[in-house]
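Take a look at this single chain in structure tokens; it is the form predicted alone.
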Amino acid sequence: MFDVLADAATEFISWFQRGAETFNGLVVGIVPLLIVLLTAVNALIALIGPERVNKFGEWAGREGFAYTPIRYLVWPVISVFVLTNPMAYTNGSFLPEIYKPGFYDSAVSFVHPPLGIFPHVNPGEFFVWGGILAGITELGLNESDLAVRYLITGFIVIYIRGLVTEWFTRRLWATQHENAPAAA
């Protein structure tokens, strides 16, 4: 009887030990990486000049459909490629409030499509690409063709998602703010 209780107590505490090991991995792995990356990005912004970076956000956040490819295609792709997941989402802070949800939707949707060509953008999720690749390899199809198609599809999807999210944001904004910006 005591052996069963001791085994149950040992198993119970082992759950917390495994949780602590996971937490330790995060504290030793990703947290220092994010702190160093944040420091580097803030230093780069200080070198470039916050006013210039903000000007880019203002430029990308101008009204009109012509600026949507900048905010929902170019800026998210550069952000994900350079800053990787999850730091890329911070670049939306340079845009006006009305465009931040669309930028975030575009950036978060782009962390998988470039994995076949640029695995550094989201190494923690490389298993998604690996699973797809395993099926393609088994079928004897070209891996590079898939990687390029996956990337191009990602470009199309993030742009559409940014536009749709902007549309929904404008509708919600209009119900909560009297002076909502006009539709692009």
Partner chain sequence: MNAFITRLGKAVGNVVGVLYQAGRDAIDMVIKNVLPFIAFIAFVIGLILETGVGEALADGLSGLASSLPGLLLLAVIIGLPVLSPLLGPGAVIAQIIGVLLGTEIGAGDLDPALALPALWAINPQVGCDFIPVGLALGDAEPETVEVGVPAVLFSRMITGPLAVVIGWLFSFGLYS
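Not measured: the values here are computed from a predicted model. Between two forms, the rigid core is defined as the largest C-alpha subset superposing within 1.5 Å. Numbering follows the first chain given and starts at 1.
Beyond the structure shown, there is the form predicted together with its partner chain, which is absent from this document and is the topic of what follows.
The closest heavy atom approach of Ala66 to its partner chain in the predicted bound form falls outside 4.5 Å. Not displayed here, its partner chain is approached by Gly124 to within 4.5 Å at the level of heavy atoms in the predicted bound form. Heavy atoms of Gly135 reach within 4.5 Å of its partner chain in the predicted bound form, making it an interface residue.
With a 4.5 Å cutoff on heavy atoms, Ala9 does not count as touching its partner chain in the predicted bound form; it lies far away.
Comment: its partner chain is not present in this chain, but in the predicted bound form one of His120, Arg62, Arg149, Arg52 has a heavy atom within 4.5 Å of it, namely Arg149. Residues from 94 to 110 that approach its partner chain in the predicted bound form with a non-hydrogen atom closer than or equal to 4.5 Å are Glu97, Lys100, Pro101, Tyr104, Asp105, Val108, Ser109, in the order they occur in the chain. A movement of the C-alpha atom of Phe12 reaching 2 angstroms or beyond is seen between the shown form and the other one when the two forms are aligned on their rigid core.
Taking 2 Å as the criterion, Phe168 does not count as shifted between the shown form and the other one: its C-alpha moves by less than this amount when the rigid core is aligned. Relative to this form, the distance between the C-alpha atoms of Pro123 and Phe23 is reduced by at least 3 angstroms in the predicted bound form. Figure legend: C-alpha atoms of Val121 and Phe23, shown here, are separated by at least 3 angstroms less in the predicted bound form.
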